[in-house]
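Next up: a single chain in structure tokens, the form predicted on its own.
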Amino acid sequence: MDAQPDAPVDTKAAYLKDLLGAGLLIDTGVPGVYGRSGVFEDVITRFEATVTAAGEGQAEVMRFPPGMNRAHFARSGYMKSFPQLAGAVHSFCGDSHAHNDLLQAIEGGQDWTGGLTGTDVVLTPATCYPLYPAVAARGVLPSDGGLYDLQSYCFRHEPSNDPARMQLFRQREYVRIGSPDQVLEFRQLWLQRGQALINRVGLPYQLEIASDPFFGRGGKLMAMAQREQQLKFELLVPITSVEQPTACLSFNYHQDHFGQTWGIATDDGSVAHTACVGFGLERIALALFKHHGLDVKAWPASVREALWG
């Protein structure tokens, strides 16, 4: 009998199994929602310290919770472009009869979420989204614009067995708000800084022009325009696939979208432009474990020096 060809290896599931087996991630029973071990968290903490050092303490530090104002979220335009990724917080607001119906649904193994009502909170889709209305509320920007250091958990509804595509994850961002020249200079600076940071921790990467996952047929045109104008770059690192590396850093120029949306003005009365650099902290940790091994004590001396000093 002829030998049968080997079944293709699911590299995403295989790496996830390794991470769970090593105790670095903790299974919750929901794809893309994991606990993190102390070792995993320590790697993120150490890498974040290198990001902070690269920022040179020049930015205003802000930390927002993983939920944001629903009205602000709606005004941002996120649902127009990415409805497939959004998540909202719902709570029970009924009376005792509704509570009894809810309990019966739970006991019967039925969907009980229909008895919940939307709250004023949605899950933060990107770390910078709560920033813009907060800055707008302060009034006109100073002459040198604004520079902000942010970090938050984010949510995107993308259930997957790929550990590098989590539904709940953290982003560290630096955001620049000001004139076009100011924000483009900022993005160019962080394009250099970002590559230098990834070089320091010994990860292979490629830098490419990219686009966001806009929804629907109109989204294809938006993605094409984004690429043509080179508004978005991604630093890609192979984690679960060499052929399809994962975006670990993102460099985005939003032009005046958020300035127009929130009425943010520069000191000369112009509509402010914005740009951001985002670090996917879990993804970078996953890349480090993939390329240097699951035992941090055995990582190359140069990487340990960069992270632990």
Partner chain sequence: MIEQVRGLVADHGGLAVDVATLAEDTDLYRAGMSSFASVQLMLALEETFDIEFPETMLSPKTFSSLGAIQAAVQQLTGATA
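Numbering follows the first chain given and starts at 1. Computed from a predicted model, the values in this text were never measured in an experiment.
This next part talks about the form predicted together with the partner chain, which is not shown.
> To test your reading of this chain, name the stretch in 224 to 232, 116 to 124, 149 to 157, 95 to 103 whose heavy atoms come within 4.5 Å of the partner chain in the predicted bound form.
Looking at the other structure, the answer is 224 to 232.
> Since only the chain is shown here, I'm wondering whether Arg200 would be in contact with the partner chain in the predicted bound form (any heavy atom pair within 4.5 Å).
No, no contact at 4.5 Å.
> Report whether the minimum heavy atom distance between Pro180 and the partner chain in the predicted bound form is within 4.5 Å.
Contact with the partner chain, no.
> Would you check, heavy atoms only and a 4.5 Å threshold, whether Arg138 touches the partner chain in the predicted bound form?
Residue-level check for Arg138: no, no contact with the partner chain.
> Given that the partner chain is not shown alongside this chain, does Pro142 nevertheless sit within 4.5 Å of it in the predicted bound form, heavy atom to heavy atom?
Answer no; every heavy atom of Pro142 is more than 4.5 Å from the partner chain in the predicted bound form.
> Using a 4.5 Å cut-off on any heavy atom, which residues of 77 to 110 would contact the partner chain in the predicted bound form?
Going through 77 to 110 in order - heavy atoms within 4.5 Å of the partner chain in the predicted bound form - there is one hit, Lys80.
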